[in-house]
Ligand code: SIN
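Only one chain is shown below, in structure tokens, and it's the form predicted on its own.
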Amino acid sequence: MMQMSIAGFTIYKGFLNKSACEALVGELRDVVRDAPFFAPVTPRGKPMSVRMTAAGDFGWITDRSGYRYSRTHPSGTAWPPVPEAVLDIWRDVSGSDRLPESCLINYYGEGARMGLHQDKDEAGFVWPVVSVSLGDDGLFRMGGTERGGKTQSIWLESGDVVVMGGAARLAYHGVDRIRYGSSSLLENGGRLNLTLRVVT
């Protein structure tokens, strides 16, 4: 494992080895069985290129009603609990004694991306956001707290973990593209990104 800091983001390259990634994907299959992926749209009705689900007390959703946290899946059922293996990652890297209340799970298929954005729908920004990459490589772009500023990019590989805390907590970030088929972790290819957040 190698630790580095870019633009205030702490990046742990190779935090999870191959067997740990495989075991984690197995646990996530149980989550997705209980809370299937859905296709989100922006408040303006534009479909997003990722598919989404969540675990924990809250999931983050977006539809015509706006961006928000919800205690239930769009089907109306409660989100399943966050897998213990995911909570262990948070314990290892977050520096926080408070556990995350939401684990957003985004699936990036071929051609999927995520535009530059801030994570700012939470009640406070004291606690970091922790991101876990599984599957295909993703080109992760990092900026500052103002839109339109200088950005830097790094390829995140399966097993990499990113911590956005301190000055980087409200920094703009996104995924420009993935190298579809670069990993054999997921049966049908693609990338999973787990985002752990304290909500309340």
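Quick caveat: nothing in here was measured; it's all calculated off a predicted structure. When you see a residue number, it is the position in the sequence shown, counting from 1.
Omitted here: the form predicted together with the ligand. The next part is about that form.
Item to complete: Find out whether any non-hydrogen atom of Arg91 is located within 4.5 angstroms of the ligand in the predicted complex, and reply yes or no.
Response: No, no contact at 4.5 Å.
Worksheet item: Tyr108 near the ligand in the predicted complex, any heavy atom under 4.5 Å?
Response: Result yes; Tyr108 sits at the interface with the ligand in the predicted complex.
Practice prompt. Give a yes or no for Leu156: in the predicted complex, does one of its heavy atoms lie within 4.5 Å of a heavy atom belonging to the ligand?
Written response: Yes, contact at 4.5 Å.
Worksheet entry | Close approach of Ala54 to the ligand in the predicted complex, 4.5 Å, heavy atom | Ala54: no contact with the ligand in the predicted complex.
Practice prompt. Given that the partner is absent here, state which listed stretch (63-71, 142-150, 26-34, 167-175) has heavy atoms within 4.5 Å of the ligand in the predicted complex.
Written response: So the stretch in question is 167-175.
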